[in-house]
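Heads up, the chain below is alone and in the form predicted on its own; it's given as structure tokens.
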């Protein structure tokens, strides 16, 4: 079966005039989201902690699509940096209307082994960082009386316990509730807040672990009911769906794309499969 996703070339430019801001923008998933949204007409601002030199290969595809784009080094755990980033994006591209908190880290350590610093780092990046970006951009939309879309990049680990990544699971579970509370608060202002919750993505954080432990990739693939892993482009497609201005009623919703993992009892791998 051919699982290649159609290109953007035939799609309507339904995001023309929109500005997307994406944290963790130089990663596999962040970059795929940027290309998808740019292909639909949005200008794009990427943020990450990596050096400016690393941004060139990620910006070129956006420029080739004729979109305005920029890259800023920003630590999402620092709310002041995030606030300045949002201000700089607005001054250059316009106020961000598509807000994608995507930056994340994961510590592979069970509850009895993870250190306080590791625990704190996972929550500060995955939860606090997502909140800082969403809040800073939403405050500007409110001030300008503009509609917008927030799409958090969550995980199926928000509801399925994984004993080897407890801090990651906790941070994503909290992120899901943040999504719901923000969605309820902001619905009246036409700012819709949702989450895309992938299962096993063959890239990004999971992909990095699998590169070091290829046997885990095989184990992960074996327990996915559909028999396929997720590509970054597939995650990006769902994000774009939630950003579509014609999508006017979905808010506080999690799009779970885990290939059926949540339908099974295999929510944690045996120690010999991790």
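Numbering follows the first chain given and starts at 1. Being a predicted model, the structure only gives us computed values, none of them experimental.
This next part talks about the form predicted together with a small molecule, which is not shown.
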*Note which of 107, 77, 88, 135 lies within 4.5 Å of the small molecule in the predicted complex, where distance is taken over heavy atoms; exactly one does.*
77
*Would you kindly say which of 182, 125, 165, 191 lies with a heavy atom within 4.5 Å of the small molecule in the predicted complex?*
125
*Answer yes or no: in the predicted complex, does the small molecule come within 4.5 Å of a heavy atom in every one of 96, 97 and 245?*
no
*Hey, in the predicted complex, is residue 42 touching the small molecule, heavy atoms inside 4.5 Å?*
no
_Can you tell me whether residue 203 touches the small molecule? I mean in the predicted complex, with a 4.5 angstroms heavy atom cut-off._
yes
*At the 4.5 Å heavy atom threshold, is residue 46 in contact with the small molecule in the predicted complex?*
no
_So, residue 34 and the small molecule: in the predicted complex, are they within 4.5 Å at any heavy atom pair?_
no
*Just one of 136-144, 69-77, 183-191, 112-120 has residues with a heavy atom within 4.5 Å of the small molecule in the predicted complex, so point it out.*
69-77
